[in-house]
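Below you'll find only one chain, the form predicted alone, shown as structure tokens.
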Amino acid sequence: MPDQVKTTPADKRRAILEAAIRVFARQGYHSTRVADIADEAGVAYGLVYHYFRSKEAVMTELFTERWSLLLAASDSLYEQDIPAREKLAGIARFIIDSYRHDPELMKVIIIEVTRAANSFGATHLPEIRRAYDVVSRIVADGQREGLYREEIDPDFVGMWFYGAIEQLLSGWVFGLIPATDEEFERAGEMVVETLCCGLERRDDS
């Protein structure tokens, strides 16, 4: 008889997380029960609680995993010796590629976390703010270098940048714009082009 593949605790934990993504994306966080996640994962109800103390803990894990990757990528781009526009383009590309490769997870994060300022998202505002702050630092550096207009608040730009990208992702989530490779590429370029054109200094001479 062939050897059976053993399922490790890490495998079971990951299966529960993947099942939660599907259920949250399909039903919404607030309409999902732990039992729904267990059914989707094909495991006993109690096993979910063995790995996660609550439904909120599952959501927190999903958000933290993805957001930590974004923060790491943003910090890495910030430290590189490349133009500010390339740093901003790299962050935009990372976020859009995250949606392209894992749309259900990104749908959950957008709808259930970043837009839920009065509920689940409120507990994660420090992490969300960290992402905004990287963009703010890139803009502030550009201002010190004389590339960007001094009268524009870098913190405002950080929120604008993420707000614009969130609206794009929402367009794909709700089927308002085509979800094609060409559209993904074009969308990222448009965000950065629009932002940088508004930031760049305007000489009267």
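The first residue of the shown sequence is 1; numbering continues from there. Just so you know, these numbers come straight off a predicted model, no measurement behind them.
Another form, the form predicted in complex with the DNA, is not on view; read the next lines as being about it.
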property: Contact test in the predicted bound form: residue 50 vs the DNA, heavy atoms, 4.5 Å; result: yes
property: Contact of residue 44 with the DNA in the predicted bound form (heavy atom, 4.5 Å); result: yes
property: Partner contact for residue 136 in the predicted bound form: the DNA, 4.5 angstroms, heavy atom; result: no
property: Heavy atom of residue 144 within 4.5 Å of the DNA in the predicted bound form; result: no
property: Contact assignment for the DNA in the predicted bound form, among 167, 54, 180, 68, heavy atom within 4.5 Å; result: 54
property: Proximity to the DNA in the predicted bound form, single hit among 34, 159, 140, 152 (heavy atom within 4.5 Å); result: 34
property: Options 36 to 44, 169 to 177, 144 to 152, 60 to 68; stretch whose heavy atom lies within 4.5 Å of the DNA in the predicted bound form; result: 36 to 44
